[in-house]
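The chain below stands alone, shown as C-alpha cells; this is the form predicted alone.
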Amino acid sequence: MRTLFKNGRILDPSQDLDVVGSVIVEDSQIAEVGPDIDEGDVDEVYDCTGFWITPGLVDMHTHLREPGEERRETIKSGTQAAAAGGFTTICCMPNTTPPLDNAALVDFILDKAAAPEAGGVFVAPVGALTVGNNGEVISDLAALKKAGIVAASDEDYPIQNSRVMLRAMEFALQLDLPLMLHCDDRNLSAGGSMNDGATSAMLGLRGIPRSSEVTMIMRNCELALNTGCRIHIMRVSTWGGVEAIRQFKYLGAPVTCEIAPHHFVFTDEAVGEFDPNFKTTPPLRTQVDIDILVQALNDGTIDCIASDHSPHPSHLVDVPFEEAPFGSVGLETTVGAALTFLTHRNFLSPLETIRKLSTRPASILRLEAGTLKPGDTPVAQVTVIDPEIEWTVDRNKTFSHSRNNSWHGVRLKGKPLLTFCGGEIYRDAKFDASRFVAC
C-alpha cells in the first residue's frame, strides 16, 4: 500500500521543515518527505492543499480512567477521542482504580490499547510514583519501567514529604526515568475549589492560592537541581510558577513543563454562577497569569501543550460547585484551542505550535514519535490539520464517555481532519470526500 499526502504545508519541527510538499507512506512507513519527490505509483491520494501535514501529535497528559473508573472513560473511548483530536501517541496517568503501581496493570493497559476495537493510537503508560498513590512508599520503578512505563508521576496525589521526593528522585535517576510532578502544597490548598482572589471572595468559595503551586515547584526544581533527576512539571498555571521554572532552567536544573489549554484561555471569572465545568486543578487563574504564561510559551520556558483530559460523568458534575470533581475533557479541543488563541493571534508560529504539540513532548519522554523522518517511528504517524476551518464545540458530539467540557459552545478556528497511524484511523466528517482518491 502506497499512500500520498500531496500539496500540503509540511510542518516538521524535528527537521526544522516548513515547506509546501508531499509525504509518501509505503507499507505503513514514511518513505519520502519534501517539496520535490517522485510520487510514482500510489494506491491512495489525499489532497492536502491549504492544510498542514504534521507529525502525529503527542499528548503527555491524559486520563483514561481504566481500570476501575470505566463510567468516566475507557481505553477504547479515550483513544478514539485522541485520534479525533489528531493525536497518535498519548500518555495515560496512573490515578486509576487501583493505581498503576505494578507491572500487571501496565500489561493490561498496553494490551487493551493494542486491541482492534481501540482507537488505533499508541498509549504510553505513566506509572504511579508511590504504592497506592499514598505518597509514602516508592513503587518498584525498575519493574514498572521494564513493563513499559515512560515516566512515573504523583498525579493528583502530590508527594508532600520532601524526604520521600528526594528518595524518589534518587531512584529515578538510577533508572534514567523522568518524573512527571503535580505541584501543590496541600497544606495551603486544602479545602479550596477555585483560585484565591476577588472572584472566589465574591462567590463565597474557599480559594487555592498561587503559593500552593509555586512553593512546590521551587522545592521539586531544587531537588532536581541537586540530584540531576529529570522532572516534568505538569499543568503550570501561575506567573510565579513559570518564573521559578525559568530561573531553575537557567541554573541548569533538568526541568521541563507543560500547560493545558484552559490555563492560557480562561480566567477564574469563567466560573461565573458556580459552573463546575470550569473547576480545574490547578484552578483557573487571572489575566495577569495568562499574559505571562503565553509569554513563556513564546520564549520556550513552557515546553509543551497537553490536554489534561479529565473525564467525569454528568451525575458527578451536576452537583454544587464545591462537591464537583476537578477537570475537563480536552483531547478533541486541544488543537483548536492552541490554533485559535495562540497561532492565529501570532503568539506562536505554526512550526512552534506543532513543536509544542508533538516533537517536544516526544523528545522529553524519548518516545518514537513527533517526527516525519523516514525510519524514526515504528509506523508512520501523520496528522493533517485544516488551520482555517471554524467550528463550534458541542459536548454532545464527542467520542469521550463524559460531557464535562469547559469548551462547550466556544467557536474555534482550526481542526485535525485526518489522523494516520500506520494506516488511516480517523477521518473527520468535515474532510471533503473529493480530496480523497483511491487509485
Partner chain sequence: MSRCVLAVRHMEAGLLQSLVYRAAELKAVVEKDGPQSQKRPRVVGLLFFENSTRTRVSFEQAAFYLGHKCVNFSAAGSSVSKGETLKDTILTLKHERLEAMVVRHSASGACALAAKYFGGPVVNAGDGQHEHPTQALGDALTILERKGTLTGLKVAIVGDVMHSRVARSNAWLLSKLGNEVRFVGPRTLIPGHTSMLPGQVHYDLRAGIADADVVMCLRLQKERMADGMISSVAEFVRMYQVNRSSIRAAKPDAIVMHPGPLNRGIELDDHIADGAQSGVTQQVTNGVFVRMAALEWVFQEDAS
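Quick caveat: nothing in here was measured; it's all calculated off a predicted structure. Numbering follows the first chain given and starts at 1.
One more form of this protein, predicted together with the partner chain, exists but is not displayed; see below.
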{"property": "Candidate from V319, V137, A114, L251 lying within 4.5 Å of the partner chain in the predicted bound form - any heavy atom", "result": "V319"}
{"property": "The partner chain: the contacting residue among M165, L205, V126, C257 in the predicted bound form [heavy atom, 4.5 Å]", "result": "L205"}
{"property": "Among 341-349, 193-201, 104-112, 359-367, the region lying within 4.5 Å of the partner chain in the predicted bound form by heavy atom distance", "result": "193-201"}
{"property": "The partner chain contact at E273 in the predicted bound form, heavy atom, 4.5 Å", "result": "yes"}
{"property": "Distance check, E222 to the partner chain in the predicted bound form, heavy atom within 4.5 Å", "result": "no"}
{"property": "Partner proximity in the predicted bound form: E243 to the partner chain, non-hydrogen atom cutoff 4.5 Å", "result": "no"}
{"property": "The partner chain contact at D291 in the predicted bound form, heavy atom, 4.5 Å", "result": "no"}
